[in-house]
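Only one chain comes next, encoded as structure tokens, the form predicted on its own.
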């Protein structure tokens, strides 16, 4: 195997390569004055399983380089070309909410799937799609962040209460709570717009003395978690710790979380951020070993 880092994502690729015990290199990229992109692979790929690696936040800036690199690897003789994208973009538009809208999760799946032999990702936003196999035409492996998050919580939080920001998080929250041996609850959320979110704690269970651990999969503006933190504080619970799988954080999001009363913010390293504290490379490596073998669909 050969791990090839997408431009600017070498540290993530190096962590994966160490777990896979294989060579790692970075795709070279040049941007011409007219805005076009050139990519170059500087190591031999003939007869190798090439694993392109990098998260797809800011996907419009990254996708062409990814597709060009996948095509170049094939032309240079790679036996297989896969993608490890811990954060997979364009999953939230899974329905035509207004007439004429593109269902971009499906469109993006066709675009990537045409250039890959397999795909590995972490906790994609699956809401209306039951699985990635519904939209991706290649074998996929979905890594759950729950075991790694549970290990971090057990090591760092005494007497945790695992809290989800909305009803959609129930299954994931219960999984982490079960692995931690901790109680759990979810909040009731009403969203009126991108920046207008109302959250209430309906379950007034025996939570006194427990440390709330707010879990969320994707955080961009942070408005939901800010509202969740305020709801927990109004209920008389202590300052929560926030754990995020995919830290997309807009410019002022982290400051807003602390202003809302969150004591600490940690994240998985699916996207490079100062809050990264939970490593995903070992789980990603196990998924790669499984899915790179033909006819293996999940890990």
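The model shown is predicted, which means the values in this text are computed figures rather than measured ones. Residue numbers count along the first chain shown, from 1.
Keep in mind that the form predicted together with another copy of the chain is missing from the display, and what follows is about it.
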(request) Would you point out which of 199-207, 146-154, 174-182, 99-107 contains residues with a non-hydrogen atom within 4.5 Å of another copy of the chain in the predicted complex? (result) 99-107
(message) By the heavy atom within 4.5 Å rule, which residue out of 134, 159, 220, 167 makes contact with another copy of the chain in the predicted complex?
(response) 220
(request) Could you check which residue among 126, 138, 72, 142 gets a heavy atom within 4.5 Å of another copy of the chain in the predicted complex? (result) 72
(request) Spell out, yes or no, whether the shortest heavy atom distance between residue 79 and another copy of the chain in the predicted complex is within 4.5 Å. (result) no
(request) Report yes if any heavy atom of residue 266 sits within 4.5 Å of a heavy atom of another copy of the chain in the predicted complex; otherwise report no. (result) no
(message) in the predicted complex, is there a heavy atom of another copy of the chain that lies within 4.5 Å of any heavy atom of residue 36, even though the partner is absent here?
(response) yes
(request) Please check if residue 211 has a heavy atom lying within 4.5 Å of any heavy atom of another copy of the chain in the predicted complex. (result) no
(message) Heavy atom within 4.5 Å of another copy of the chain in the predicted complex: which residues of 240-258 meet that condition, in order?
(response) 248
